[in-house]
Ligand SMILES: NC(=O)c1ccc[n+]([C@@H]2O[C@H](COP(=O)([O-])OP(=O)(O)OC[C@H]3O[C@@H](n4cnc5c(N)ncnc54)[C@H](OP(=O)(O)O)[C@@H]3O)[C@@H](O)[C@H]2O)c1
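First comes one chain, alone, set out as structure tokens in the form predicted alone.
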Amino acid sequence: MAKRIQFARTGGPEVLELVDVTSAEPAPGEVRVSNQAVGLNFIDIYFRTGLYPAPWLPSGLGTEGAGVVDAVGEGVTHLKAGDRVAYAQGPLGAYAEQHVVPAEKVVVLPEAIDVETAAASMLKGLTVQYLLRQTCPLEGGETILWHAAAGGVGSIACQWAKALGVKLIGTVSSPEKAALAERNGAWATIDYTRENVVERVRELTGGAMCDVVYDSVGKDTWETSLDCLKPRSLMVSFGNASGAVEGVNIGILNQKGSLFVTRPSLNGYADTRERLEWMAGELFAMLESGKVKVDIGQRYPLAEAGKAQEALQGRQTTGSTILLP
């Protein structure tokens, strides 16, 4: 038997339950991971609330974890029992002591990276990798706007952008979060609770505005984000923290300067084992070099997953949050 968090109906944090389940055996092409740390992400809240529908109910939750392989299915050759591993694209169910995952979505951890760091950075770090290195390959010298710069993804993005020679302007909700983003390498910060984001971007850039805007907030920041862009530049919408962007008239992209827009996802980029290995290799290299350091701002027992999600949704967290089975 193993413990896991599951939900039988969508709703608030109160729908999450800690239950005992029979340990599943891996099918061909799968491995079972004994989780030692589990990542907490906004996408987990989307599934819990029903914004993203779970394949079935009751359902497990979470897609990111790190630990040790304890069982290997038929046909798996690149992993073996005892390997220290991490994953970020598993089926729902990572909020658990054990999780069965397709082997092609699992990577071996370098010795220098501990499981807590891996669980706190795998999904967030791979997200930053595809956003900065693939969605719009930055070469240095660009000016970008990043919403929620003190969060888990934002904290990594600030550091990675600085390493690339990119000027990252980060939006935050408090002086404390501004200080954190700046320590992580943000070129400048904007406290959106006290400052007008568009006007401040115009001041900071001398009227030139931004080459790319990275927006994980969604509905509440969509118009603001578009107004922060240069003509013919790129809007990257990669999250829905405030709700989905809906009812958009595509003509607005013309009105605001022949803008480009994309809605990428990790699964759209890490779509083969070879691409995942390459992306993870870049992330691990950044971690091992010290150019990116992961701030684990909060640790919660697995049983307090609902409390952890509530803190994340209420913008009461900084850096990454992990659950400990």
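So that there is no doubt, residue numbering starts at 1 and follows the sequence shown. Not measured: the values here are computed from a predicted model.
The same protein also has a form predicted in complex with the named molecule, omitted here; what follows describes it.
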Worksheet item: Within 4.5 Å of the named molecule in the predicted bound form, do we find a heavy atom from each of T135, V212 and W222?
Response: no
Practice prompt. Check whether V172 has any heavy atom within 4.5 Å of a heavy atom of the named molecule in the predicted bound form, and answer yes or no.
Written response: yes
Item to complete: With heavy atoms only and a cut-off of 4.5 Å, decide whether N184 touches the named molecule in the predicted bound form.
Response: no
Discussion item. Is T317 near the named molecule? Define near as a heavy atom within 4.5 Å, in the predicted bound form.
Written reply: yes
Discussion item. My question is simply whether R263 lines the interface with the named molecule in the predicted bound form - judged by any non-hydrogen atom within 4.5 Å.
Written reply: yes
Worksheet item: What stretch, of 34-42, 288-296, 55-63, 273-281, brings heavy atoms to within 4.5 Å of the named molecule in the predicted bound form?
Response: 34-42
Worksheet entry | Listed residue that, although the named molecule is not shown, lies within 4.5 Å of it in the predicted bound form (heavy atoms), from V153, V85, L229, V101 | V153
Fill in: Residue among L180, I144, L123, V106 with a heavy atom within 4.5 Å of the named molecule in the predicted bound form
L123
Worksheet item: Mind listing which residues of 201-234 have a heavy atom within 4.5 Å of the named molecule in the predicted bound form?
Response: S216, V217, D220
